[in-house]
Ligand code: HEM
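The form predicted alone is given below as one chain in structure tokens.
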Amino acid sequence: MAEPRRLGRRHLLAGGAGAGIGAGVGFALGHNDSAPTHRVATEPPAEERVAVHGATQAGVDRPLTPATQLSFQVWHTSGALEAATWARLLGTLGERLTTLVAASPTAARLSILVGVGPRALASAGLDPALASLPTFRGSAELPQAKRTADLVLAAAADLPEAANTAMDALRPLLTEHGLERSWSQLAFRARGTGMVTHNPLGFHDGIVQPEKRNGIPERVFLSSGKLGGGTIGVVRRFEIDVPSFEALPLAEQEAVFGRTKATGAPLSGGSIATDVNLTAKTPQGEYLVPSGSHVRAAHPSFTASPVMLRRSYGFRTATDGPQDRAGLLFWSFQDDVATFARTQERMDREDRLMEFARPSAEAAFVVLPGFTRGRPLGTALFA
């Protein structure tokens, strides 16, 4: 394979943002580690309420620093709902989540994101393939209810009770419309700088994010048609074999990621803000960023993919057995589901980090365009 062209400094800006299972931790299972970026080194005020209404939904690129607690839920219908039913459900859902956010403590920074899956898109006369995933390594073993979604809700807050209470309040509305919850996950992330934090394996996550133009991340939001202001979301939940990874010597752990554990700097040299140099070699001719490392496997130069807006949350479930269930909930936003799919397929082939991760649920969905009191949630699709 030809060596990738190193991206210039004018394309790689210093700073930090969110990722997935991986090297910038985002354990971004599916994340692009070194590519055109915009990094944010400042945090919003701690006492800032997240704006519910707008051209886009809260929970994607606002708030600037992701909240630390997440309640993520995936719902299915017993059968395809008609467009009129979707319109009523989503309109009422928008009203209720607006009330919930307004009533939540300011310090909670509560946001509630709503997405719909392939069957809802079909009801709106759109192509279900917009929110459909191919079969990745480990996907075929999952039940169908954990491979797709009809409705996705993600409540994020800096107070766990705010996110959980909001979900409890919305549940009756969904069950009244015949929806059943397929799976859910409570997850957490440490507060970092901008979108940079640490993943469940202790490595920095979210180092590289999309470049912004006029304050809007590039190749994230759809710009026209019924979905203008929306975005394509992907979520994958991974159980992580933490004990096996931690049993590796530190140098081997860093070789798996392609970054140092203590500072997040790429193994090609520099600091966390330094561009990864995939062509740099030792005097013996070996790559400084090893073949099979997460940084190299997820690099967009190999798939001609734009950079995804990524964030990830860790989770840990205590059990009565000898080992807790630990893992990572990765999600990304992009304007084409193929952006994620190409990266994940390459990671399945090349990324050593995937040896320590087992998928337990996944879904693609369309994050609905933003809404206001005069333009209810879902209006663009189902009015």
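The structure displayed is predicted, hence computed values, not measured ones. The numbering used is simple: start at 1 and walk along the sequence shown.
Separately, the form predicted in complex with ligand HEM exists; it is not shown, and the next lines address it.
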To test your reading of this chain, name the stretch in 73 to 81, 151 to 159, 300 to 308, 111 to 119 whose heavy atoms come within 4.5 Å of ligand HEM in the predicted bound form. 300 to 308
Heavy atom to heavy atom, is Phe221 within 4.5 Å of ligand HEM in the predicted bound form? no
Would Tyr313 show up as a contact with ligand HEM in the predicted bound form if we use heavy atoms at 4.5 Å? no
Partner proximity in the predicted bound form: Ala166 to ligand HEM, non-hydrogen atom cutoff 4.5 Å: no
Consider Met354 of the chain shown here, and say whether it contacts ligand HEM in the predicted bound form, taking contact as heavy atoms within 4.5 Å. yes
Using heavy atoms only and a 4.5 Å cut-off, decide whether all three of Val208, Ile240 and Leu328 touch ligand HEM in the predicted bound form. yes
Within 339 to 374, the residues having any heavy atom within 4.5 Å of ligand HEM in the predicted bound form are Phe340, Thr343, Gln344, Met347, Leu353, Met354, Ala357
